[in-house]
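Have a look below at one chain only, the form predicted alone, in structure tokens format.
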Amino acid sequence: MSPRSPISFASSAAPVFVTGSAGHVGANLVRRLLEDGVRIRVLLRQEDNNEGLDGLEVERAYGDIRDLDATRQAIEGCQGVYHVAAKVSTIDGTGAHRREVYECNVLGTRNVLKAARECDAGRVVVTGSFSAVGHDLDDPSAPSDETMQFYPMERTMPYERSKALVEHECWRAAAAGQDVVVATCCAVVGGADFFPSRLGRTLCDYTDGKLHAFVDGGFEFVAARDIVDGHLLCMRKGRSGEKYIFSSEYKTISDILDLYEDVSGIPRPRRRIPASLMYVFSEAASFYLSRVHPDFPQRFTPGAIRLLKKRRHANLNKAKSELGYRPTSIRDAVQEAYAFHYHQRKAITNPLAKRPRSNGAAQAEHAAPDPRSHLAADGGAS
């Protein structure tokens, strides 16, 4: 097999290697791979919340992607790598926080790529971020595609800058002959959200009556099942040295609240706070919380508000034409997320909230007519 050929998992007993497997994207990816009969080895940190893998038949290796030797030992003997792990943050934070974002995301990616190369582990699919994709400076809401360069001359979050540098590490590796593809991810909505994600936490807070106002704006959202399919398509069909954007739908925050109201039965807040006013408040609040209460979850950070104000849209033509990507709906993803947080995490305690179908039943019903079931038969991660 040439070094640039996609991995055929069906022909190999070697495990597939996954980082970030306990996170939102990673937990959904691992479940899909297991459904497809793929043997998996995951890299975990002992001190992290790894409940997303409880009860799953996966090989566990322990270490940190910032440790090259530990990463190399964990990846030895694997064929095919999904590098999903990242320090996700929308705050500027302290110097220590920014350094952690850089080391986890940039140096961690460098180590995973180097370890995969030295262990001859084959293709590496790296999870990218839509926030690291460029945009039209005169019209930020115009659809962005993979050719648009990240613009570093305006204020951006450390996370955004780190993910742009992650891509740089990927392109350096690809230029040297390594087989690497970037699966660009938007804001993820769906089940198997154990940490939970910021969107999952917001859904729970909303349903329990803790969200009394909102800042409007918009962004690209991707269903968890869609970003997982995107990763599998990148592994199966992607061109090395290329990235592909995966989204399901553009939604405003008001649209998302309408969906929350629909699935939960709890009336949505009607009070809209002007983004310019909220931005000023969030600057002061985020500065204080980052230094005095660094573990306090921040919802509307200055970075998040800047992104929402741009109302960025994604151009999916490349993923659709080259990979056959077919997105589903965010409404279904919100239903799956609600069922997961209600039934499995039991994080929704409002007695007035609707009781959803069980998460498994909802997903099975949705999966039955799924037109993309050709992925397994077509060799995608099976």
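Source: prediction; values computed, not measured. The numbering used is simple: start at 1 and walk along the sequence shown.
The form predicted in complex with a small molecule is left out here; the points below concern that form.
Taking a 4.5 Å heavy atom cutoff to the small molecule in the predicted complex, the contact residue among Arg345, Arg326, Arg39, Arg45 is Arg45. A heavy atom within 4.5 Å of the small molecule in the predicted complex is found for exactly one of Ala319, Val30, Ile330, Ile65: Ile65. In the predicted complex, the small molecule sits beyond 4.5 Å of every heavy atom of Val106. Not displayed here, the small molecule is approached by Asn49 to within 4.5 Å at the level of heavy atoms in the predicted complex. Proximity of Gly128 to the small molecule in the predicted complex falls within the 4.5 Å heavy atom cutoff. Taking the partner from elsewhere, Ala85 is found to have a heavy atom lying within 4.5 Å of the small molecule in the predicted complex. Of the candidate stretches 202-210, 156-164, 253-261, 269-277, only 156-164 has residues whose heavy atoms lie within 4.5 Å of the small molecule in the predicted complex.
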